[in-house]
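Here's a solo chain for you in structure tokens, the form predicted alone.
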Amino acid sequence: MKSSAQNRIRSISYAKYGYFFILPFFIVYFIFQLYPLFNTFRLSLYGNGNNTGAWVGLENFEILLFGEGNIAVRAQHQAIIKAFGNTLILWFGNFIPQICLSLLLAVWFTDLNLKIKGKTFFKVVMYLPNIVTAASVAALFLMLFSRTEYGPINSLLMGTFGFDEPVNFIRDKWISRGVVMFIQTWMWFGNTMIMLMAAIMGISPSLFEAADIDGANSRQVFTKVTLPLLRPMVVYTMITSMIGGLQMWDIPYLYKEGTNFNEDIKTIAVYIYNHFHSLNPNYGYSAAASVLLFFVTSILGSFCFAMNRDKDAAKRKKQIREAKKRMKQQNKATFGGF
């Protein structure tokens, strides 16, 4: 017969120690993420963003969203609307080629039927731009696309293709946007490729073997087996890319001539930073713009998640909830009199 001491020893649970291991994360998150977020909401209700300033309520949000007032207010409204437009254009312009290129390379590198030599070398080289600092990348492309005739690209265009004068890659509207899109794609497609490769390698090989036995070609295997099972990773990539794209700051901020910003690549993050560090900063207005960016990111993230969710799984969960509800009502009607 077991003693009470043995039963007491076996009943000890060590699950609580897991909370001690994750406690540092929550402490750091509260100090550096959660508290600044709440404080930003508070600052957005003040004129100059501190407790001694004037309480303006939702006035900063009215300026951002509607721009009703004098010329300066309308100019601020138009500037932030343009910044939002630039942000969406730059994100769409780099995410679509990024996901297409990453998916194509991930399928190639994980296909055992393709005897590609040097896979490891190519994967390392393609991932390298992701670990290079944004400042270094911006400096590299500023040198490559210098508007002088001695810049590498302009020298090639004028010497080989007969251009009469150098092209201003930094100030031109669509060329500068194209360069920023290319930089973002070049920097991040390797990271996306690695994540998609990990997801493809997690698919059971038996599914590919069954498709091969059934006589499916490469296109059918990709569209009927690989792509549907990659849905969770594609959704994750889309949401994280959208969050990073809406907060894009480093390349659009650094790709400039001196202190002159190109208004066609100024993102909302650059707009907030410049307004915050202006000669007459209005911290409340900058905080309101940050709050607006937070809500836009949350709404678009929820929309992306809803558009890519598994409808069959959601339908099954709904049917289970309805069945449980009906069973509960029947039990209540049956045993309600007792």
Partner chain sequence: MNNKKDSYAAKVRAKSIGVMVVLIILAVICILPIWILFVNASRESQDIIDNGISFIPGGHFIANIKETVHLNEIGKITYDAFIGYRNSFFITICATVLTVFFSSLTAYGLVVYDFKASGPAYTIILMVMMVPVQVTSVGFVQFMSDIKLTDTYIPLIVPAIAAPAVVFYMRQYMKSSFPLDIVEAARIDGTGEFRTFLTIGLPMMKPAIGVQAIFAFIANWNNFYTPSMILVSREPKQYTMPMMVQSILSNDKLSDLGVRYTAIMLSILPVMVIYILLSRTIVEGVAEGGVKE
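Nothing here was measured: the structure is a model prediction, and the numbers come from that model. Positions refer to the first chain, counted from 1.
One more form of this protein exists, namely the form predicted together with the partner chain; it is left out here, but the text below deals with it.
- In the model of the complex, no heavy atom of residue 241 sits within 4.5 Å of the partner chain.
- Contact annotation for residue 123: at least one heavy atom lies within 4.5 Å of the partner chain in the model of the complex.
- Taking the partner from the other structure, the partner chain in the model of the complex has no heavy atom within 4.5 Å of any heavy atom of residue 174.
- By the criterion of a heavy atom within 4.5 Å, residue 194 is counted among the residues contacting the partner chain in the model of the complex.
- Of the residues given (235, 114, 81, 100), 114 alone sits with a heavy atom within 4.5 Å of the partner chain in the model of the complex.
- Between the partner chain and the residues 227, 75, 140, 167, the one pair within 4.5 Å by heavy atoms in the model of the complex involves 140.
- Contact here is defined as any heavy atom lying within 4.5 Å of the partner chain in the model of the complex, and by that definition each of 33, 128 and 269 is a contact residue.
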